Ligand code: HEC
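Shown here is one chain on its own, the form predicted on its own, set out as structure tokens.
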Amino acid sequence: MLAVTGKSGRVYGYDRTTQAPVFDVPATTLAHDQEPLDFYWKWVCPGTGAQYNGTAYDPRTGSIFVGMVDWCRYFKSAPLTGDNDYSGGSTTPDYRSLPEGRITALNATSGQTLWRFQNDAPVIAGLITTKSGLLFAGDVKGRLLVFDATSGAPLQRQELGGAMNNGLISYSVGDEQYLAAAVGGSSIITDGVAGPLRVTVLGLTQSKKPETTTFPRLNDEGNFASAPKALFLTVCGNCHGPSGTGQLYPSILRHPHLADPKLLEKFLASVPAPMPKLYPGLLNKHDVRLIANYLRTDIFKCGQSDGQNCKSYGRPVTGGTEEWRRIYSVLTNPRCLNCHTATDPTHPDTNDYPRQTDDRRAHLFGISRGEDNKGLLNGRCDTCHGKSNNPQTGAPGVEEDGQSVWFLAPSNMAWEISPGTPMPGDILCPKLKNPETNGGFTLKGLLKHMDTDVRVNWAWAPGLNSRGFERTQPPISHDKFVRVFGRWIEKGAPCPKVLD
């Protein structure tokens, strides 16, 4: 017999002598995978299937074992003009859920499924079996998984501190059995712990307690001893393209502030899934500085005639009454301002989008405003933002009349003077009071909106982000904000004078 698997998510069995197919069985989630594509986005499972490492065979039981990625994607075809990439179309991940993995045991003769194990992270590393009846596997979150090969019962899960994207090998020296794993490095498909590159060897001592020895990659500067360009291409370009314009994952050109090494360091330490955790671990401070410098000079071309403005975002400034200053502190808080964004009319394609996090980063995954403020056809807001916060991905969500109502504020309601910089108080205040630029509200209607609107209320109950940490809230409580807003109206809603 010959068994073959791949990105189709299926395992194929052939009679090696006659070359006749014997079985064709799924080993991960399948949906719409046999339907032809057209020029419209179609949701297809699997999005990835099996990757580049091998399956395992157990001659004792006649079983084969395969590791898979369990994550769906959107696909569409495109006319072949000669300028398309090798795929002849486009694909984007389904960001509504995080990638998982699956290990499946099959009868090697018939293809019958013997057992399955659903894992919360993709299983990319090669699998191996031992004569003692064990099955070893690894996932991109850096966990060595040990099973009873016959029953599929999990026996042990050991943290190795770096993604297991490569092969495993089992060997013996004398009477001692060892397991060696290539650990570290990033995966281009998932949320994982990249970790520094190294080889980890596990063995059993006489007391039968696991003993681990790690051999780090020898390099005084960390993992990489390469020029900035080579480092960028290795770590960033595989996903975002050699020029940063997008490839398997979106363009990074809307993030010019990452040319600042400190901001890049902070970003890489807190990236949302499905981007892997690259720093600290795979990258060190020296690596981050090299990448930031390359971004500045060659990708964003900061300050050059054909380059971008890479200056940090401006800070909010205002004068005025005590009530207005407190109102202003809320309106310019990231929880509010991230959706009241301005568009740079000279670069609407790269600046017309919401922002995320307290650092007010450009929305990831290439999301843009769209004609109705709810995203483009291939990136609608309600694709990821539901009726409540997604407990798996951290994507915010709110419900009104049974529907998700998460969208970007219209461009005429922007509270930024330029992309990333809040309007000063003397400009924002009259705009907030004007029905033509506040959504059509009177002052009393605006007060009610601030008190009862589900999106406004979300700002004070924003929940957890994608890494499981509490999002920050505006500087004063919602009740106090509403009271202050009411007093400001009672005093005639005075605006601050023009700032010097």
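Whichever C-alpha set is largest while still superposing within 1.5 Å between the two forms counts as the rigid core. As the structure is a prediction and not an experimental result, all values here were calculated from the model. When you see a residue number, it is the position in the sequence shown, counting from 1.
Although it is not shown, the form predicted together with the ligand is what the next lines describe.
Between 24 to 32, 48 to 56, 449 to 457, 61 to 69, the stretch whose residues reach within 4.5 angstroms of the ligand in the model of the complex through a non-hydrogen atom is 449 to 457. Gly375 is the sole member of Gly375, Gly162, Gly101, Gly126 with a non-hydrogen atom lying within 4.5 angstroms of the ligand in the model of the complex.
Out of the listed residues Leu278, Leu135, Met423, Leu144, Leu278 is the one that sits within 4.5 Å of the ligand in the model of the complex by at least one heavy atom. Residue contact with the ligand in the model of the complex: Trp43 places no heavy atom within 4.5 Å of it. Looking at Met413, you'd find a heavy atom of it within 4.5 angstroms of the ligand in the model of the complex. Heavy atoms of Thr383 reach within 4.5 Å of the ligand in the model of the complex, making it an interface residue. The ligand is not shown here, but in the model of the complex it comes within 4.5 Å of a heavy atom of Phe365. Each of Val330, Thr393 and Ala409 is positioned with at least one heavy atom within 4.5 Å of the ligand in the model of the complex. Shown without its partner, the chain has Leu258, Leu264, Phe267, Leu268, Pro274, Met275, Pro276, Leu278, Leu283 in segment 256 to 288 as residues with a non-hydrogen atom within 4.5 angstroms of the ligand in the model of the complex. Core-superposed comparison between the shown form and the other one: the C-alpha position of Arg335 differs by no less than 2 Å. Core-aligned CA deviation for Leu30 between the shown form and the other one: less than 2 Å. Core-superposed comparison between the shown form and the other one: the CA of Thr55 stays below a 2 Å shift.
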